[in-house]
Ligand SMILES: Cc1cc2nc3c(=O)[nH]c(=O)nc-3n(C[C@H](O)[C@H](O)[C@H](O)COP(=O)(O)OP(=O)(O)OC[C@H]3O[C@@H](n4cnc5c(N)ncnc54)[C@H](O)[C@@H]3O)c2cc1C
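This document opens with one chain alone, in structure tokens, the form predicted on its own.
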Amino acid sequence: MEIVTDPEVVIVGAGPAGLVLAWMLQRAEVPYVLVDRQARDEVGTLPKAGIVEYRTVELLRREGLPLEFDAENRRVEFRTPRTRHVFDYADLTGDRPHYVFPQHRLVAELVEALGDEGAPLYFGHRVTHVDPDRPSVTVGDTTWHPRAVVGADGANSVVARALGDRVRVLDRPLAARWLVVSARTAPLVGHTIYAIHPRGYAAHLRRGPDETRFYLEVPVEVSGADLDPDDLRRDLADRLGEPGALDGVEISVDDLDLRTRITTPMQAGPAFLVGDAAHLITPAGGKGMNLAVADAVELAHGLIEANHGDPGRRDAYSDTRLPVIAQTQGFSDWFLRVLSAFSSDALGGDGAAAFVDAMREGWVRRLRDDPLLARWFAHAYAGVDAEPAKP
């Protein structure tokens, strides 16, 4: 590969956080390189997250990223065996919806935009060593000595591992497994569905005109590979209250074991962590990609200002982001309890499971009937900052 010498920043990982950071450094003319172990044609091909919060869209627009957010998601429908409620959260937030924008599309479009500008993106190259003290990053026979190293390389981050005991990892596995079902089919309805069923939670999530993502909660010992595809389609459609809707639909199935993680601090000397390298969150509420993008924007501003002689914002990066991440984890954790039939509260047998089902039903009815709870949920779910209280 053609080598860029003496970059100010080395970014490891070409996910949403790494690419947003690269875009902002490119705009500010801060010398950097981005390295990813995947080949160029592999990046941005796997369907992942797909909902972008209102505040995230505003943030990316302010930073001038070349992305068009047009497909809105304004409503979510809660379905239980006894209650159906279509919740118009955009109406409660002053016409501020989610946007349907799959993560793989965001990645692919940013890679293309950066490539058009001749950005120093190195795909198909694995980082073999990171020294956070010097600092240095080694890729094959090449070693860079930047002023900053950024781990944007996901939950198994090589940069995070290199930090060792300089950081503390707060990790919590959860007693739940979701099957991620990607389907080649148009959405069943024009909004999100959360089905809160005694056999386990199911979800319907729009991804595009001919692509839909589903979640299906199963006991932690069950794998998607154990299930007959036709039985899986029927069970998923039945829980969603759409019997037969998925018969014959082409699907792919992956297992998702739920866990939460926060790394504190998110920086150690000249090394920084963003996105899943710094924290993991459950998919309840669709917060992961949004947190990653916000990490990247905040760190980018800090690195750009430091490059101009003011390191204050860079040095405060972790203190700025960790309170936001903890608050968001709290929302996702609460929402998971509303959705999940297999939370830790249900581990006491049939009586405990029945209690959990009643509690889940109760939360849905409270969201339907309590304007204060509905307003709080709408703002937290859509990613809309509440208006400050009037004096």
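Quick note: we count residues from 1 along the sequence shown, nothing fancier. All values derive from a computational prediction rather than experimental measurement.
Below, we refer to the form predicted together with the named molecule, which is not included among the displayed structures.
For the marked spot (V33, L59 and N307), a heavy atom within 4.5 Å of the named molecule in the predicted complex is absent from each of the three residues. Of the candidates R126, R134, R184, R84, R126 is the one whose heavy atoms come within 4.5 Å of the named molecule in the predicted complex; the others do not.
The partner is absent here; in the predicted complex, the one residue of R75, H197, R213, R314 having a heavy atom within 4.5 Å of the named molecule is R213. Per the 4.5 Å heavy atom criterion, the named molecule in the predicted complex is contacted by stretch 273-281, the sole one of 273-281, 224-232, 184-192, 299-307.
I51 belongs to the set of residues with a heavy atom inside 4.5 Å of the named molecule in the predicted complex. Taking non-hydrogen atoms only, A294 never approaches the named molecule to within 4.5 angstroms in the predicted complex.
Using a 4.5 angstroms limit between non-hydrogen atoms, V43 touches the named molecule in the predicted complex. Using a 4.5 angstroms threshold between heavy atoms, G383 stays clear of the named molecule in the predicted complex. Residues of 16-41 that come within 4.5 Å of the named molecule in the predicted complex, judged by any heavy atom, are P16, A17, G18, V35, D36, R37, Q38 in sequence order.
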